[in-house]
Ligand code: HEM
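The chain below stands alone and is given as structure tokens, in the form predicted alone.
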């Protein structure tokens, strides 16, 4: 088990990725995804590619005891529904970052990023409403979870913090979170280019 006592793992991941998180937020807002439906479809394509890249994690048996509700947390099906609702073709398939297998610690870092994006979705959902989009049409992937955003996040953080990782695994979790943010930045640049 790790010798790192505090702050919590989620806070350490937040601190380690703060500049990358800020860069991603800036890139997304610079793309003005809620200025028009055309811009929103660019954002939706980026979301699809990000959630598709992370989707193997939501099926990984190694997380079953740590995150028993992980499969229900998947947002890829909702993103796909939003694409269909708006008549947007799915982007071409690309190589998965997990094509060579899933390292559980690295995957936890990725899950931290993907799950964390649900917190910011509250603001994005309000902006989507200006385009007449919402949970029932075109923005279902931004919908509030049944247990609320804060409760949903707290449940994930509790499980994340409870995972027993040694120092090397801790570092792989940090590298996984950084890789997920880097991937999201690349996708955002491509989709809004």
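Numbering follows the first chain given and starts at 1. Since this is a predicted model, take the numbers as computed values, not measurements.
FYI, the form predicted in complex with protoporphyrin IX containing FE (HEM) isn't displayed, but the following is about it.
- Just one listed stretch, out of 161-169, 45-53, 131-139, 62-70, contacts protoporphyrin IX containing FE (HEM) in the model of the complex at the 4.5 Å heavy atom level, and that stretch is 45-53.
- Contact annotation for residue 125: none of its heavy atoms lies within 4.5 Å of protoporphyrin IX containing FE (HEM) in the model of the complex.
- The closest non-hydrogen atom of residue 29 lies within 4.5 Å of protoporphyrin IX containing FE (HEM) in the model of the complex.
- Taking the partner from elsewhere, residue 178 is found to have every heavy atom lying beyond 4.5 Å of protoporphyrin IX containing FE (HEM) in the model of the complex.
- When protoporphyrin IX containing FE (HEM) is considered in the model of the complex, residue 91 lies well away from it, no heavy atom lying within 4.5 Å.
- Looking at 101-137, the residues that come within 4.5 Å of protoporphyrin IX containing FE (HEM) in the model of the complex, counting any heavy atom, are 112, 113, 116, 117, 119, 120, 123, 124.
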